[in-house]
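Below, in structure tokens: the form predicted alone, a single chain.
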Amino acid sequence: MVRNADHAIAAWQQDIAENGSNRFDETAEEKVFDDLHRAAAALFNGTPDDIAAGSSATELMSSLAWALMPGAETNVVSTDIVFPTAVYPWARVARHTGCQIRLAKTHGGYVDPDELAALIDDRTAVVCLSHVEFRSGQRYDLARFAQKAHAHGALLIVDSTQSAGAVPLDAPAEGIDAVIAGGYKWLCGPFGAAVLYLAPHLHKRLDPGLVGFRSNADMWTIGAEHLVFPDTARRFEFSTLAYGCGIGLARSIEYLVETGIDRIFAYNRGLADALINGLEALGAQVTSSRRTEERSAIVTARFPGRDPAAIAARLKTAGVMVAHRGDIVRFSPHLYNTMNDVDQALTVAGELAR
């Protein structure tokens, strides 16, 4: 999988190095993201017209935030534990328009879905959530929040960077208005590539916050006197991007979709279950949600009396890749891991606990 994506990127870069634009001509540049459009459409159960490519989730979220630009009498709802990508763009727009940012408060790293839903009212313009919270692994019922948002005339925007490729996400079925995903996490793609799913009802409605020559319906009708957006999500593709990275991301997503996101989710949950049981047996405090409907593959834990940064560093030294987030250590098993990796993690954690 990684080799396939890596080879695709390297082959494109090598061709550019040797031939410049002699082979990567205008036709090739215009169609460069066609495979990524198809792959991401399959990932989110949309169509290629629903997909735009970008360089990062933050870039796409910022363009979307300026396109919607909630006004002074409105609010945007999110959480205080969300990764900044899901809030900062809206906060920047709010400085310009006076929009209110409402953040549901966490309780010990957990967001009560009822408290989050209670923040949505008739003045809410956007509910922007991370499908899976990066710090805790908590997963939200997106269909519930889409229904709640739509009942008040709001849109549901989802950052799926911590779930796409590891947790099934059917955007049309769940009523999601837009989904953004960076490629370098669970999608196993490179840095420098991301995707946006935009529901069909928004294709013609939004003027992107970032525009350039690719924004034109006919991108090679180059002229300063006009800008005509395409009637698809591609209007959010504004300029020259990291084309090779987009090609590599398409290969990764194709592999994951072919493998089956449902299968990957079940497999990852099995690894997570074993990790949870083992950590609790060692006396660690598992802090990620245990509710089935809120679970993801992410497992977070505290080690009472021990410095989480030191524990994370020791695990990494032993070849167990984890993340230190505040007072917890985050484990993120994916399809390339095995039970042997879980056993190794628990062995090292056990040594530290003793």
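Each residue number is its position in the shown sequence, starting from 1. As the structure is a computational prediction, the values presented were derived from the model and not from experiment.
FYI, the form predicted together with a small molecule isn't displayed, but the following is about it.
- Exactly one of the stretches 50-58, 66-74, 305-313, 29-37 approaches the small molecule in the predicted bound form with heavy atoms within 4.5 Å, and it is 50-58.
- A single residue from the set R102, R123, K148, K185 has any heavy atom within 4.5 angstroms of the small molecule in the predicted bound form; that residue is K185.
- This chain is displayed alone, yet in the predicted bound form one of S252, Q138, N268, S130 has a heavy atom within 4.5 Å of the small molecule; that residue is S130.
- Proximity of F238 to the small molecule in the predicted bound form falls outside the 4.5 Å heavy atom cutoff.
- Residue contact with the small molecule in the predicted bound form: F83 places a heavy atom within 4.5 Å of it.
- The small molecule in the predicted bound form comes within 4.5 Å of no heavy atom belonging to S78.
- Within 4.5 Å of some heavy atom of the small molecule in the predicted bound form lies at least one heavy atom of F134.
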